[in-house]
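Just one chain is shown here, as structure tokens, and it is the form predicted on its own.
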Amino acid sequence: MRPELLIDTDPGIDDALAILMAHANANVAGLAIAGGNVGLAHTTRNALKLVETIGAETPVFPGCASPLVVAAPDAGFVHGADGFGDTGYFNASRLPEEEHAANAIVRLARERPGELTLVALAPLTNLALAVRLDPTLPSRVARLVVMGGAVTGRGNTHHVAAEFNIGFDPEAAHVVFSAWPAFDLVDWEACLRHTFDFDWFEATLAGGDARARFYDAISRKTRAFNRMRGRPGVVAADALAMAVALDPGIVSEAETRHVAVEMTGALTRGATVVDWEGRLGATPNARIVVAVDQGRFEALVAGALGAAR
């Protein structure tokens, strides 16, 4: 049976790959959209274009344009000012839903209790509002998978220990991590361990269908950024989180620990603090993904791009 997903996202190049994976392997109840990688107008526009490109009828629900408390810089220098590599594509012909993303999350979880896996690929602003609107939300979803954090402090923001999604809105992450009794955490450091070989990824794009051609165009800027930064391959963080959501058995190593979010540190705001030794006495809330089956991950990506592995 195909998984039933609800995706909170801020497309974004790696979000786009994750959304392609979701539609190839699951039923998607909706895309809840936040500002993050770029502003909300662009992330909503990108989501609409992506689902139109693949011929999906998935509803798109715009949500929060900014963090709950403190403004934060976006990641347009990685994804392009429009979030899709500044490709200048034509707008989708369809329009977004009028319902706010946080309300949509609450409604869909109430309409389908225990059915939906919630995949959080964006800053957690929409989800924090949703759990404040309905504190029973964690009991209504089957599973929560979060892409975020850097569990030993190797982040990717100007706050060195913080990863982008958590660092963009630490207060929202605090609300979600405090409310959810158990969730899967796919952190930035795991994503660095599970990159795609540059040559393999280029060959996969060349051997794919229309989805691959679209993704090739929008991802050129970020692929060049990965090479410029000297990374060992293409980093697709949200794709890794989506792989864990789609195929729970892909996880080959994990650690269950209590994870909290630092909100005030001058150098560490947005850092994920893991109680590795159980010193705080807090109940573990996160299954931290340490490693996955790389072959299965690559197969999911290749399939989503219409390429034979």
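Given the structure is predicted, the values throughout are model-derived calculations rather than measurements. In this text, residue numbers run from 1 along the sequence as written.
There is another form of this protein, the form predicted in complex with beta-D-ribofuranose (BDR), and it is not shown here; the text below is about that form.
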| item | value |
| --- | --- |
| Interface stretch in the predicted bound form with beta-D-ribofuranose (BDR) - options 233-241, 214-222, 198-206, 176-184, non-hydrogen atom within 4.5 Å | 233-241 |
| Proximity of Asn156 to beta-D-ribofuranose (BDR) in the predicted bound form, heavy atoms at 4.5 Å | yes |
| Close approach of Asp169 to beta-D-ribofuranose (BDR) in the predicted bound form, 4.5 Å, heavy atom | no |
| Distance check, Phe164 to beta-D-ribofuranose (BDR) in the predicted bound form, heavy atom within 4.5 Å | yes |
| Leu124, heavy atom within 4.5 angstroms of beta-D-ribofuranose (BDR) in the predicted bound form | no |
| Contacts with beta-D-ribofuranose (BDR) in the predicted bound form, stretch 9-41 (heavy atom within 4.5 Å) | Asp10, Asp14, Asp15, Asn37 |
